[in-house]
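Consider the single chain below, provided in structure tokens and representing the form predicted alone.
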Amino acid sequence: MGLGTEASSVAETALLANPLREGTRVRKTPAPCSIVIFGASGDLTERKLIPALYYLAREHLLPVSFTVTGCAKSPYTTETFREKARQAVQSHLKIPASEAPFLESFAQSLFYISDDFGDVKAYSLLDSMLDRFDRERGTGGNRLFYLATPPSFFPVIVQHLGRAGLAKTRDPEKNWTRIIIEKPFGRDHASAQELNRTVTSVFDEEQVFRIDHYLGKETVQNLLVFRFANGIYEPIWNRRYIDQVQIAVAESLGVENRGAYYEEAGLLRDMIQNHVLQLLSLVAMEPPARFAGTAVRDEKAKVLRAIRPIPPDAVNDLAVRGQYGEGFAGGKKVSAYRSEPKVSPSSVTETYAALKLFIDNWRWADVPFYLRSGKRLAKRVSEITVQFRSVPHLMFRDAIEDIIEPNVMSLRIQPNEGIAVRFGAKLPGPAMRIRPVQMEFRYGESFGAPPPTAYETLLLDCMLGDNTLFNRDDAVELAWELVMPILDRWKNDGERDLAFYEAGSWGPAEADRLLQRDGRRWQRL
């Protein structure tokens, strides 16, 4: 296949002429590089990766000399891949017609190889292409490999990259080589360990970027700024002042066309083991010495080590699993999970999970962390809620008939990213009446534009070599170690204690009782 004869000066001209951000640099631009996407004909590449790369290029956050090489089994040509990319950008970013010249310039940096991931010849061809890009397009010997394939291909691709000599940086003083691996990283503790061994036998751990897109969301990153850059919050971020923490990741959609995958995974593997436990570790971590990858990831790992293990005989006291039945979503009747395509009619796979966890350390002793996530819930929302303890003495006797609600801080991750704080205020009038009021900050309203997507942030961080928001091997294994007793117990129990809930509701009643036993309730979302 031909590489084309387009010179990098075409892209440079378009970048410099970009009317949206002329002459601006929001942050450091990465060095010239070649990006290789395995699984380039898949949904992730179309919906997330290509639009994110286009956004970075448009915003002057990609180097002028970059290439993207798609690798997949689909019998595309380079021009086919470019046309798919144009359609993806127009569909998912809805760019104006005035950006057409820039989009065309961006497309000229895209190339494609049709290959079988297990074919050693494909890696030899890829090696030759990347060398040619270095010579002709100035990509500088820097390579980023992105595994956007089903997990079964991860070990195959990694091993072939190693055998082809593509995993090692040729000149560490001048060049870099990195690999991004999508979740799921293993399907249990043993497979995660095996995958870690395979990956680190070929790549150094510093080269490996295990991506969790939740950690790239602006509110998740702002959580660290909120805690560690504001003197009024960190002193009260502990057991003396906080009564409970809730983390909710709710989805209104069902499993859609992912029935076969979900039958193998289930909600606990799909959401809790990675996304939700990562959010918990950021909420609960100690202040790192500095905001850098190793320091932040060390503190996150300490949190996971401190979470109290759940013994098998306590699973049903501390965890609830559910599965959605028929119901209504968006005003339309929807099927039960067991009626979804490629789902067993007697399936016991959970589509909802709620956990009660404790962190056994000085800061969080006896503070419960309630986690919940589910499919086909009332609405799509992800939120971290911190409820503070009530005041020790209520001096407003005249207001005693009022319900004095505790102070609550909510960090909305999606949709409408932002932060809200609820506190009590006097109702206008001669009587002492207290009502809750809310102060709210939203990114779109405060900064005049919606925040970038998680993939834009994480792709840029990887090219810059910043691994702060990526998972490390020990954290992955610690998270699996924590959930394995729950998975094993549920597997042994079969349908026993599987709770069913109506699609479009907030989950099974058993999840409400998990908190009611403690005199608490789920926060409204």
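Note that residue numbering follows the sequence shown and begins at 1. Just so we're clear, the structure is a prediction, and the values are computed from it rather than from any experiment.
What comes next is about the form predicted together with 6-O-phosphono-beta-D-glucopyranose, which does not appear here.
- Using a 4.5 angstroms limit between non-hydrogen atoms, R338 is distant from 6-O-phosphono-beta-D-glucopyranose in the predicted complex.
- In the predicted complex, at least one heavy atom of M271 sits within 4.5 Å of a heavy atom of 6-O-phosphono-beta-D-glucopyranose.
- Using a 4.5 Å cutoff between non-hydrogen atoms, Y214 counts as a contact of 6-O-phosphono-beta-D-glucopyranose in the predicted complex.
- In the predicted complex, 6-O-phosphono-beta-D-glucopyranose sits beyond 4.5 Å of every heavy atom of R170.
- Of the residues given (R137, R412, R178, K183), K183 alone sits with a heavy atom within 4.5 Å of 6-O-phosphono-beta-D-glucopyranose in the predicted complex.
- Proximity to 6-O-phosphono-beta-D-glucopyranose in the predicted complex, taken as a non-hydrogen atom within 4.5 angstroms, holds for one residue of R258, R86, R433, R187, which is R258.
- The stretch in contact with 6-O-phosphono-beta-D-glucopyranose in the predicted complex, judged by heavy atoms within 4.5 Å, is 372-380, chosen from 193-201, 372-380, 120-128, 238-246.
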